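Let's start with one chain on its own, the form predicted on its own, as structure tokens.
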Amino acid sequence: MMDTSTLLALVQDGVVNGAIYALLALALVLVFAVTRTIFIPVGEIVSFAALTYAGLDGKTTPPVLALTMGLGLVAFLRGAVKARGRALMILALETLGLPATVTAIVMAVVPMQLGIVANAAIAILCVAPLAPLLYRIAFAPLAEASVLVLLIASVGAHLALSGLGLLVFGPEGARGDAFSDAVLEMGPIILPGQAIWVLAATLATMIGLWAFFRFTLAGAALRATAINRRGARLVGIATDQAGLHAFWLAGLIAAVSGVLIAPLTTIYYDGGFLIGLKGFVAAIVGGLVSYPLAALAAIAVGILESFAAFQASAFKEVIVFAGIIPVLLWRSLRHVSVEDEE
């Protein structure tokens, strides 16, 4: 029989995990709303960020930089076919100059061994550019394609990144150092320092996204593109750039999630896929349009997973993913299907 302390511990664990899923759900909703793409490779970005953070020892350059540089070169060659003049210079700066600058900064900073927070920032800096580079390579050329074609491209990008992850990081798992060893006691609730970091970072990210969409011109452009792509183009908004910005934000959010989860569990090169799927479940509950509902659903997914692991650990994943079935049935009965507008 479950006592109060066990119940509180399970809820606490579920909320912490749910906070990570909430970040990924927000990233998935953002990308889908702006580009109509279900960004399956978000899980690989989580894994790569976690493994990069866990592997920073001050002696070796993070191997993920080679992957970033390689994707940057592919993105440049892909875009250089059509780009000319100033557009070609901008493309070169974004796809070659940025990864080269990141590599130079990281190679100079890593040997200094500046501490855990600096290592987390380095991991995010190394991995976040992967998302916009993937957009340039795989998704921007298909911007006018159907959602099904974009989904197929996303699956292909996921499989390619998974294989590259095995090549870059190897099959061994890794676990990072906790950001803090402090413990906060609030009556029967005991919060470890890493849990506090996770919750604080999730809250800060949500506030930052709200401020970005509410007070910046780029945020307004993303909202307009999400509401009506054709109308956004008619008023002069570059929807390709809006998609690039959405992928940048998604890459940053996924990289932050990976760094936050690295001290909580051992991560493998393909371990982020399941984590991303749980964020996707929450995004589906939110209809792939509602940020608050997706965040709340992510917390519910985390709590459900925590209780499922306690009661029937062998069926934990089955129970979590089965939770999406009633939502899909309800939505299919409540909404009349319509053809994609583009």
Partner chain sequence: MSLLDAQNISVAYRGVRAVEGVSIAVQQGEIASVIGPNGAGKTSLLAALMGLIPSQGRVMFDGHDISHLPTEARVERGLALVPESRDLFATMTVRENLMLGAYRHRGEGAAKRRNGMEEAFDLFPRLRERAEQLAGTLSGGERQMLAMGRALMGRPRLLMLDEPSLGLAPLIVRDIFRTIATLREKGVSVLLVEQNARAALALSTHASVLENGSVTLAGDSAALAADQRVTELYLGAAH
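What you are looking at is a predicted structure, and each value in this text was computed from that prediction instead of being measured. Positions refer to the first chain, counted from 1.
Keep in mind the form predicted together with its partner chain is missing from the figure; the text below concerns it.
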* Tell me, out of I196, A118, I237, L96, which residue has a non-hydrogen atom within 4.5 angstroms of its partner chain in the predicted complex. => I237
* Structure fact -> Students should find that, of L252, A221, L209, A174, the residue having a non-hydrogen atom no more than 4.5 angstroms from its partner chain in the predicted complex is A221
* Asked: Looking at 197-205, 228-236, 260-268, 124-132, which lies within 4.5 angstroms of its partner chain in the predicted complex, counting heavy atoms?
  -> 228-236
* To do: Determine whether any heavy atom of L217 comes within 4.5 Å of a heavy atom of its partner chain in the predicted complex, and answer yes or no.
  => yes
